[in-house]
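Shown next as structure tokens: one chain only, the form predicted on its own.
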Amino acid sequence: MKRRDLLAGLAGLPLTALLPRIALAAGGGGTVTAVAATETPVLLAFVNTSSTIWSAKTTEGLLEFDHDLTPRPLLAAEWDVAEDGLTYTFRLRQGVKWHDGNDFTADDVTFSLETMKRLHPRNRSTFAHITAFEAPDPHTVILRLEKPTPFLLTALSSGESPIVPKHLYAEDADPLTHPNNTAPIGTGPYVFKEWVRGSHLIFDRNPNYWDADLPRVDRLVVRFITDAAARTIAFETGDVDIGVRTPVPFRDLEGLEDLEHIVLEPQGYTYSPPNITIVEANLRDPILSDLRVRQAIAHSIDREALAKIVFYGRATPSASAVVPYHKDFHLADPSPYALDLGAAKALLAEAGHPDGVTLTLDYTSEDQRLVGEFLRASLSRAGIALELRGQDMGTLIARIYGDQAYQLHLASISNLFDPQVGVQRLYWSKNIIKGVAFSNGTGYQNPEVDALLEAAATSTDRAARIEAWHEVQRIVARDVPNFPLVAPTWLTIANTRIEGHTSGAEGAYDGSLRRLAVRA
């Protein structure tokens, strides 16, 4: 059904039957409605990075960042980094309260950072060389390192390193399953109000926020709209105000560009550049543990056609998990396994599958389903049959990272501001941690890659770091534990009635939206 036909069919329904509105909260700031295509299993990015999109609304980090990644004060009012890069001192903002009324202190910071060093998919490597987390007084935090970490300061944002209230976490509490993950109490500009699964989230203005002038809206509503055409209609009709990471089908962007009340904003993705769409293989699986099978899959992938057909030309093909946005670190070499169906068939026969092989491919979103259907058609020509298996994000995380019961799965992997933070986790053997989402879920282990990653993580020589990363990309391209595909173009779609949604490098996604406002 075409979008105009769907819209006509729904025209006779009351608006509340299509996308029911939440009543406006008391106050003069108004309500802003955001849209999400999928529902995250948690709302706090403390130990599960699937939720950075909402985490920063309630729970803040030490710093925020301008569009050029220059740090600005947030929970840290001032900071100092020793010349040798081994001591970081933060003087915390005073008078800050948690949403439950307790005082924010340095103990909250040290507890949060120590826990993320153990359990956060990315901060396990980012914080690896911090040897001491000190709180000499309630408003000072000192981090001591055994080796430099040149990207450490940039990692201390709200979305990447949220500071949680230590007093809520009993000594025997498991941070992975803590209730604060789904009903977060933070210091942020918005207070968590309600989560109706499958429908919506509500965040209300924090009346006791440490910046008395912010936030400037009374209520932030998040609508979960899984149907792609319905998301586009919601923007066309003005029923939603904002969505991030190109939240509509790429085929609909041209039409939205022509609407006077819609803005397509490319800024706000410096901190977290466009993700790489990637297929990951379970190297524990008896079929996929054979390199020849993975090589056959690689020989069957046409990235250029995928970018053109599925993403309407608004994606950049990449055979590397380091996205092209990272111009220096990205290795632009093509895959060593060029599109060659004959070679793919020969490799399958050599691996003991002369009649082909059948594999499952897990996915979550509608966009991923389209990618999966493209891959199913492409790989079938080489004798590789894909059985597509859709599920919600929580089910996928449990299957991939908990039970490790999968063969292939589609993922959208964030590089963030440095590949050491966003990409190392995919290939570093020390990031194989059962139950921790978006880490090394493939089970890939290569001592040479480990050594290169660990050297790049502590080097203050940028050229040396770049060369180490180029070599990592060459090695994993040959080993193919996963199959990078494309980096889609990311846009924030916003109604012109709102402003302040893209005020820094973290944009509306990882940023707190604390400067968001409804135009007069």
Partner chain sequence: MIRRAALHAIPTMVGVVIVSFLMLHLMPGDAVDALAGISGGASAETVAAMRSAYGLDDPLGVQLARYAAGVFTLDFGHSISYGAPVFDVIVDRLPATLLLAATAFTIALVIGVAAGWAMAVFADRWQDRTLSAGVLFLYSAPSFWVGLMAIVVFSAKLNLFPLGGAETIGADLTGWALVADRLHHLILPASALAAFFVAIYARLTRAAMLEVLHQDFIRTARAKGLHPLRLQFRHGLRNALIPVVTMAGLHFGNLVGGAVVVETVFNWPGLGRLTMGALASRDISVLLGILLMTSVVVIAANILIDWLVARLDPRVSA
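Residue numbers count along the first chain shown, from 1. Here the structure is a predicted model, which is why all the values come from computation and not from measurement. Basically, rigid core = biggest C-alpha set you can superpose within 1.5 Å across the two forms.
Unshown form predicted together with the partner chain; subsequent notes refer to it.
Quick one: find which of 320-328, 89-97, 224-232, 343-351 has residues within 4.5 Å of the partner chain in the model of the complex by heavy atom distance.
Contact-bearing stretch, as computed: 224-232.
According to a 4.5 angstroms non-hydrogen atom cut-off, is R122 in contact with the partner chain in the model of the complex?
Judged by the heavy-atom cut-off of 4.5 Å, R122 is in contact with the partner chain in the model of the complex.
Please check if N48 has a heavy atom lying within 4.5 Å of any heavy atom of the partner chain in the model of the complex.
Because a heavy atom of N48 falls inside 4.5 Å of the partner chain in the model of the complex, the answer is yes.
Using 4.5 Å between non-hydrogen atoms, is A398 touching the partner chain in the model of the complex?
Taking the distances in the model of the complex, the answer for A398 is yes, it comes within 4.5 Å of the partner chain.
Hey, in the model of the complex, does T131 get a heavy atom within 4.5 angstroms of the partner chain?
Result no; T131 lies far from the partner chain in the model of the complex.
If the criterion is a non-hydrogen atom within 4.5 angstroms, does every one of L75, E78 and L113 touch the partner chain in the model of the complex?
Heavy-atom distance to the partner chain in the model of the complex: none of the three under 4.5 Å.
Looking at W428, F438, F417, F104 here, can you tell me which has any non-hydrogen atom within 4.5 angstroms of the partner chain in the model of the complex?
Partner contact (heavy atom, 4.5 Å) among the options: F438.
Since exactly one of P286, P207, G313, G198 fits, which has a heavy atom within 4.5 Å of the partner chain in the model of the complex?
Answer to the contact question: G198.
Going through 380-396 from first to last, which residues have a non-hydrogen atom within 4.5 Å of the partner chain in the model of the complex?
D392, M393, G394, T395, in sequence order.
Comparing between this form and the one not shown on the rigid core: C-alpha of E134 shifted by 2 Å or more?
It does not reach a 2 Å shift.
Superpose on the rigid core, then tell me if the C-alpha of E194 is displaced by 2 angstroms or more between this form and the one not shown.
After core superposition, the displacement of the E194 C-alpha between this form and the one not shown stays below 2 Å, so no.
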